[in-house]
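The chain below stands alone and is given in structure tokens; this is the form predicted alone.
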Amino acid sequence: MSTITVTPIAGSLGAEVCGVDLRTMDNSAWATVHQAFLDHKVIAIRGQDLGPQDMMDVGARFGEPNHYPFVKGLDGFPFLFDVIKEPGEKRNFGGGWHSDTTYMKAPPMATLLYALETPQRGGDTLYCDMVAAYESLTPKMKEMLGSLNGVFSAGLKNSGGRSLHHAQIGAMKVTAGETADTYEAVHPIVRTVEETGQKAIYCSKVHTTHFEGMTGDESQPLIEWLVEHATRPEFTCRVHWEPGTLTVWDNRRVMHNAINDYHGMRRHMRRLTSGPTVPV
């Protein structure tokens, strides 16, 4: 029986997990993988051969699947969808620092992204550690942030609106862009992770429109500062993709940013989100 190894990829977060076949892992192997997820927040597992049902089975380990309202799912697998950028497209899906679907009442605990086809170069994903970013703040800033709730919207209001974004990612089966503004939720700007007790900053320029009880103009300077602070190099890691790589990250404690640096090349990924969790 092979030994599972967990190798950190950066000082703050991220690890590669080797020696496991996710299709056949037993409960002991899962316990090791799950502990790596808790310890490192982002785990990359290479050399996998996952069909749609395999991916659903792995996702179920993290909880019930989350519905994503803006891309049509695969036939027979409505919670799975393909993330594709064709060689002729300029805009990518998932660019800009954010956590997934924070505008839902119960956003996912985990995102699973599986690489089917990757460009010859580029197309990596950056991640940042929102726990380390919080822990580095002064006590006064922590106290202030602990009193704030954020208003989160699916409308992409800071980048021209979701309908415009959808028009620029033609290879994907996007839908319902005109209803984006109806998806809105209020969550604490500092959330606590149940299993670890850690506190993490929870906001982004992509989805956080303002703080509850404040105007957008009043809120934006602090939102922008928090994102700049959280994405400092020492709080980040970078995952390089190759076909067969599955990366799982903790949306409660991590933001991610899909780097759009592979124009003229094709990238085909498959995504699932799991574990709906109300931020507290």
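The numbering used is simple: start at 1 and walk along the sequence shown. All of these numbers come straight from a predicted model, not from anything done at the bench.
FYI, the form predicted together with ligand SIN isn't displayed, but the following is about it.
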Quiz item: Among 93, 134, 103, 202, which has any heavy atom within 4.5 Å of ligand SIN in the predicted complex?
Solution: 93
Quiz prompt | Contact assignment for ligand SIN in the predicted complex, among 180, 83, 185, 71, heavy atom within 4.5 Å | solution = 83
Quiz item: Is there a heavy atom of residue 128 lying 4.5 Å or less from a heavy atom of ligand SIN in the predicted complex?
Solution: no
Quiz item: Heavy atoms within 4.5 Å of ligand SIN in the predicted complex: does residue 113 have any?
Solution: yes
Exercise. Could you confirm whether residue 271 comes within 4.5 Å of ligand SIN in the predicted complex, counting heavy atoms only?
Key: yes
Quiz item: Given that the partner is absent here, does residue 258 sit within 4.5 Å of ligand SIN in the predicted complex, heavy atoms only?
Solution: yes
Practice problem: Given ligand SIN in the predicted complex, answer whether the residues 98, 249 and 267 all have a heavy atom inside 4.5 Å of it. | Solution: yes
Quiz item: Counting only heavy atoms and a 4.5 Å cutoff, which of 217-225, 58-66, 249-257, 45-53 contacts ligand SIN in the predicted complex?
Solution: 249-257
